[in-house]
Each structure stands twice: as structure tokens, then as C-alpha cells.
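Presented below, as C-alpha cells, is a lone chain in the form predicted on its own.
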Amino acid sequence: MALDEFTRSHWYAIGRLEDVPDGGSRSTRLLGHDVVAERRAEALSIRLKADGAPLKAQERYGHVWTTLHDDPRPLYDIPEFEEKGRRLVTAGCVSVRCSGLRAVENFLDLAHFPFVHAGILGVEEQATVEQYEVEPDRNEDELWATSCKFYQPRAAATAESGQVTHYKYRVPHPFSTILYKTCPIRDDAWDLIGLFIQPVEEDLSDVHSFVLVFDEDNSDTDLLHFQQTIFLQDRFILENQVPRLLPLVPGSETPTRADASSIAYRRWLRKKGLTYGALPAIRAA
């Protein structure tokens, strides 16, 4: 599948900062192309492996980013990364045999909490997804799902008991998504959990995740293990979805009221003319 312009025009995380130490390198694959990131005298460079052509590079949000485009869209802003007192834990890369679009859509899905993450993010006795709002931010060209809430027996590593957790979901990029959720220890703040998805191939993704939280009690290892437990439960579901690519044609799968964010996400991708990682190839509406 040839790369569509919308997919090609974005920045992608290809590893954590510590994955490319000074004097070291990291070889990986992005959108079907082999790339190499190197750091010499603390300067980061990224190139295509095939012909050595240089690629643009930047370091933000604890990760190394690159793009295949000569004039890419700006990388979206996450202002919470500048707030004092927050702790960043990067969970590293997990390879998943599915389209990165499937991984984003699964992250947006509240309905699976009581069944895939039973005893942590949900319980079967309280499985109803209450109505929530989905709206585009046209100024930033991204999607938001707001007014989401769900009862969770252990919403976060800091949680000591069950609570009704409030959520906001943000999709600022076709292969990135960020969750803003109730902070158990601060009423005036949200904890952040995010996925920076590196589409290796159309049906193979390297998922880079992070948590950005207020937490004075748990170690980085505790926070990492909590996040990995959740994602590895999701990984089993993602790798067993058929098809591996994300269907974008309306009516190809049957949605419910709880799928409002998924419907809006697919519509957004369809209007942008995205074809990479989607089934079947589609044209802009």
C-alpha cells in the first residue's frame, strides 16, 4: 500500500530517549521503511537505512521522533509535560500484530473495561457505558471525547479503593491517543496516559506508552508494572481481532451507543483520506 499524504505528514515516536544514548544507535522500521537513529556528541540524527537520506528529528515527551515528510505537520502540544511535580514513566516499546489504528480505537473503548480488565478498570456488575460527548477541535484538527465516567475498583496505581473515574480522551494524531483521567490524590488535576504508536507496517505496530502522573508513593517500577499489566491484557485482544486492519467503510462493523468515539475516529480518518493501516483502501469523503 502506497503511503497516503495524511499518514506521511505526521511525526512518529521511534523510541525513548534512553534507547538512543550518546555514542549509540537504534535501528527500527517506520511505515515500511528501515530507519537508523544515532547520537554523536549528544547530537541526534536519523536517516533512512536504504540510501542514507537524512530525516528530520526531534526529542519531546521522553521520546525520539521522526517523519518521512519534508514539511511535516507540527507535533502536537501536551502542556502537562511542563507542569511541576508530575512524574513521567515511559513503558518502552511493545510490538503488536495489528494496525496502529486498531490500537488507538481499542484505547478509546470504555465498554471493554469490565471484561478485559476485570477487577482493575471495571466489574461486570457495572458494565453500562453512560452517554458521553465526542467533538472535534477544528482549530487543532483533533478529536476529543469528554464527560466519560466509569466505576473502577482500581483506577490507578495510587488508588486505594474503588471509585467512579472521570475521563477525557484526546486523539491529536491518527496514530496517537492520550487519556486524561481522575487523579486519585489531587482534585484539581488529571493524570495522563498516552500511546505513541509507531506503524512499522500496515498490520504491525510498535506501541510506545507513557504515564504522566502526580504520585508520591509508588516507585517507577510500580507504575510501570501497573501500566504494562493493562496493556498486555489489551494486546491479547488486539492480536486476535479480525481483520487486523481497521475497517473504515460505514456499515462494515456494527457500532453501539458506547462506540461514539470509534465512530467519530473512523469518520475523521475517512475524511482525511487515510488508507495506511485501513481496510479497504478508501478515498476522502
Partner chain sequence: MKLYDYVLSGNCYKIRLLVRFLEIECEIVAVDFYPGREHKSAAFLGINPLGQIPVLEDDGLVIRDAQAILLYLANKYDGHGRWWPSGDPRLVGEVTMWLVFADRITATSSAARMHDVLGYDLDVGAARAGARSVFRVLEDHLTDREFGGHEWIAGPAPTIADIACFPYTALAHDGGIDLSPWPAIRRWLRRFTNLPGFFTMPGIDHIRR
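Please read all numbers here as calculations on a predicted model, not as lab measurements. Positions refer to the first chain, counted from 1.
Below: the form predicted together with the partner chain, not depicted.
Though the partner chain is absent from this view, in the model of the complex it lies within 4.5 Å of a heavy atom of just one residue from L44, L55, L224, L30, which is L224. A single residue from the set S99, T177, T90, Q198 has any heavy atom within 4.5 angstroms of the partner chain in the model of the complex; that residue is T90. The closest non-hydrogen atom of R60 lies beyond 4.5 Å of the partner chain in the model of the complex. The partner chain is not drawn, but in the model of the complex it has a heavy atom within 4.5 Å of L232. Although the partner is absent here, R16 is a contact residue: one of its heavy atoms lies within 4.5 angstroms of the partner chain in the model of the complex. Contact annotation: T146 falls outside 4.5 Å of the partner chain in the model of the complex, judged by heavy atom distances. Checking 32 to 40, 60 to 68, 46 to 54, 224 to 232 against the partner chain in the model of the complex, the stretch whose residues place heavy atoms within 4.5 Å of it is 224 to 232.
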